[in-house]
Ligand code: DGL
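Shown here is one chain on its own, the form predicted on its own, set out as structure tokens.
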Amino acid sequence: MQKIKIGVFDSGVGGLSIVKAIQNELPELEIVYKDDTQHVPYGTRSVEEIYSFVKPIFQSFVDENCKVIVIACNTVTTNLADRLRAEFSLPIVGMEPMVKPAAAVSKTGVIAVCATPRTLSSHRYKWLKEEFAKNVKVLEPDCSDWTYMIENNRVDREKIAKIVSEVCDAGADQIVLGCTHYHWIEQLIEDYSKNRAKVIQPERAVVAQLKRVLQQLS
């Protein structure tokens, strides 16, 4: 039986954590992974610039007969998912900061969202906050150089420890990882939080949504 082929996209190495999560749950799939290391990081670029990079890559997924595209990038999802869905006829699974679950389980009423500047300035992210985080305080620490650090294997542990400590000191009991690159330092962030905050990222939610989409296709 021929394997179902899906495309997974991220600007850089971040999306490989999503590929791994999908492979663990759905080993029967053939995964085509594409990144854009030439232009990474995306988080400080303009939306139109990002779109110009992403569109031909998505077209290549279609040309290679992928049945679903997974956007393993919060920046692209929050800024361009609707536009890409309108232009491409195959299902697109996106990922966005988990504001809703973080706000729902927070006991302190304070959550921190670690994401790129472009994600934080998106209409979609603002909508998520207005819809699900009305009654909680949302901290948005400056993580603008984290992608670069991770992509280039130059993680500044002191800098990350300081940011994590600051949001915990400010009362955050949930830390949302709103960029797949940050999944690579998830354990580090957990260690620095010293059990004061839970770290949340969307790999499980993305795999669950992909399963639902695949069931609809079969």
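Residue positions are given as counts along the sequence shown, with the first one as 1. These numbers come from a predicted model, not from an experiment.
This protein has a second form, the form predicted together with this ligand, left out of what is shown; the following refers to that one.
- Taking heavy atoms only, is Val40 within 4.5 angstroms of this ligand in the predicted bound form? Val40: yes, in contact with this ligand in the predicted bound form.
- Message: Check Val176 for me: does it contact this ligand in the predicted bound form (non-hydrogen atoms, 4.5 angstroms)?
- Response: No, Val176 is distant from the partner.
- Message: So, Ser122 and this ligand: in the predicted bound form, are they within 4.5 Å at any heavy atom pair?
- Response: Answer no; every heavy atom of Ser122 is more than 4.5 Å from this ligand in the predicted bound form.
- Item | 4.5 Å heavy atom contact, Thr147 and this ligand in the predicted bound form | So Thr147 counts as contacting this ligand.
- Heavy atoms within 4.5 Å of this ligand in the predicted bound form: which of the stretches 72 to 80, 102 to 110, 85 to 93, 133 to 141 has them? Heavy-atom contact with the partner occurs in 72 to 80.
- Query: Is any part of 179 to 214 within 4.5 angstroms of this ligand in the predicted bound form by a non-hydrogen atom, and which residues would that be?
  - Reply: Sequence-ordered list: Cys179, Thr180, His181.
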